[in-house]
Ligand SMILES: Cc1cc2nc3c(=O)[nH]c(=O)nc-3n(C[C@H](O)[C@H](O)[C@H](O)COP(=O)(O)OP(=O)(O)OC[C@H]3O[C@@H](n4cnc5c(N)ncnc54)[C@H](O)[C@@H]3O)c2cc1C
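Only one chain is included here, represented as structure tokens and corresponding to the form predicted on its own.
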């Protein structure tokens, strides 16, 4: 019997191993790895395809990590089902594995929209090393590619294939590039980068069918508008959804993802979930939702691992944080960055645009709190904006300068008398004002502990971030 069984072998699994071993040095840990490779950095697979990064850099953790932590890894074995009463996991190789504690870190699965003739050769998704190798094997014969979806994966795949000398057309259902991140104005900056790179794109339309020749090979896609685009390859990159198949009919509660509480435990005692498959608390929306980003997966895995090993720790929530660059375009964003001005007047939208320098800053504010941001071109403020979201501080004192070229010290420390007098040596005053603006505190809490903020931070009933205690935790 495995004391700790971890289904999955990516970032959430790795952080869970680290957390467990920080408390329990001897308990048996077994990892189910669906892929025949150690944990690796998934964003690198587009860079490797483009030839920008050597393949040896792919592993996130090498075999020595598992050996040093006394972890048994079953490569090429996935979780297929769970008997929650008998505490038994059913594996893809036909075996079963009894367990005491189980972490579901089974990730997400690419979503395939209803496209006629999508099944068959020359159509790919792009989220794993296997996907990369499959596309790379055909690279020499590929001439024209249609990428379905202008999200994070779609844009990076398009960039990689263009660098390989292929003719690329992107088709996006929404009316903008990176629709979950950018508003229309932000998309215009991305569109200019695509135009300059010679990449074609169609916005506000969708692929409804794939036309194949007599031998079954892709020759054309058809759009909902009736437009037809000649191609020999299709990459479907419309998004990833939580993988719920392994817990189907198990009694483990699911919605859009596997539902967890603030310890990352499911409704079944001793069974936890973390990473892309989990539906956990979002501090911006104030409700549970899947949050399919790498930093959140790491934090969830670490806290789940601590709790599995008996050291109780609360997950206070997360929010989406993204950074991407392609064809010279660069954007960092977090939270509700894609909100448009006309959304029911629920939010206040602040923007700054410098067309000549290619700079765009956007802040989304609700109830005097920063709820989201996007910075294009000059991304140096991304960390500070992220800190403001985490702290949930009242930004009304300097709201008018939030996106301008005024420096943050100038914005936050106005003329004497403009703010109530505060003694910043007092913990009470720090809570009143919001600790994220203080350089020393910010450096300690966000730079030094960027992946483990929940371990040192909790929020009071008003949404203000409190220190975990009076002892120095730096």
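On a predicted model such as this, the values are computed, not experimentally measured, just so you know. Numbering follows the first chain given and starts at 1.
The following text describes the form predicted in complex with this ligand, which does not appear among the structures shown.
Against this ligand in the predicted bound form, the set 8, 45 and 293 is in full contact: each member has a heavy atom within 4.5 Å. Within this chain, residue 107 lines the site of this ligand in the predicted bound form, having a heavy atom no more than 4.5 Å away. Taking non-hydrogen atoms only, residue 173 never approaches this ligand to within 4.5 angstroms in the predicted bound form. Interface membership of residue 318, defined by any non-hydrogen atom within 4.5 Å of this ligand in the predicted bound form, is ruled out. In the predicted bound form, this ligand stays beyond 4.5 Å of every heavy atom belonging to residue 16. When this ligand is considered in the predicted bound form, only one residue from 395, 78, 164, 268 comes within 4.5 Å through any heavy atom, namely 78. Out of the listed residues 55, 35, 52, 405, 35 is the one that sits within 4.5 Å of this ligand in the predicted bound form by at least one heavy atom. Of the candidate stretches 199 to 207, 346 to 354, 275 to 283, 181 to 189, only 275 to 283 has residues with heavy atoms within 4.5 Å of this ligand in the predicted bound form. Contacts between stretch 119 to 155 and this ligand, counted in the predicted bound form as any heavy atom lying within 4.5 Å, involve 126, 127, 153, listed in sequence order.
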